[in-house]
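Form predicted on its own, single chain, as structure tokens, below.
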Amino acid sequence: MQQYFVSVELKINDVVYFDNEQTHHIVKVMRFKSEDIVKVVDVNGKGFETFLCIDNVKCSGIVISEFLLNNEMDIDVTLVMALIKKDKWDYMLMKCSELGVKKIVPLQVSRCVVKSDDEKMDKKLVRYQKIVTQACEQCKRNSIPQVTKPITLKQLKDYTSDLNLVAFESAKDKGLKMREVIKSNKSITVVIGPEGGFSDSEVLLMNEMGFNNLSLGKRILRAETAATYVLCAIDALCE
């Protein structure tokens, strides 16, 4: 059953109004009709079945029942991801949202090919949020991850968790392994570097902030692959 997110609190018998993009998807893409039923997730992450009412180009629904929705990871994962090229970045947003990430924080470091542009960032964030929302609707999540504005390494301290890790390709022999760190922690922050990796000085700075070096195995992964690998590994090990 198709799912949509709405930014209001719902209860049984409420009327929910779909925005223009949702209406287009309902009417033109899914070709639903009046009296069809879709799932709606409200601002509190509660799931409801909704009876559609389609009048020309307007679309609303009547909430008819509540259903149990529990599709989130047991651990809150904040992914601090160095900026990478657009197609790879969009892929990362989509797949990491499907895999359960809680928050995605773009990071600007010395070897980033892509540079953050403050004038264009507001428009980019709208597009990023649209990508993660559609991914979460597709995989039936309870909530939508937040994508923040880009930060620098000095701001990394504002995004720490119970456990803080930096994936570093030179850590394969002496870094922590995934299976060693997924224990009783309720939240994890993982930092992933750009296409060219982190400089030694950047890794040292993160270590001084309390971030432990993490090995992702014997092979050196592309940035977007490393991000999805981390989410897959955490989800598999914590369930």
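Just so it is clear, the structure is predicted and the values come from calculations on it, not from any experiment. Note that residue numbering begins at 1 and tracks the sequence as displayed.
There is another form of the same protein, the form predicted together with a small molecule; it is not shown, and what comes next is about it.
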Contact segment among 147 to 155, 160 to 168, 134 to 142, 67 to 75, judged by heavy atoms lying within 4.5 Å of the small molecule in the model of the complex: 160 to 168
Does E195 make contact with the small molecule in the model of the complex, using a 4.5 Å heavy atom cut-off? yes
Distance check, Q22 to the small molecule in the model of the complex, heavy atom within 4.5 Å: no
In the model of the complex, does A223 have a heavy atom within 4.5 Å of the small molecule? yes
I'd like to check something about L214: if you look in the model of the complex, is any of its heavy atoms closer than or equal to 4.5 Å to a heavy atom of the small molecule? yes
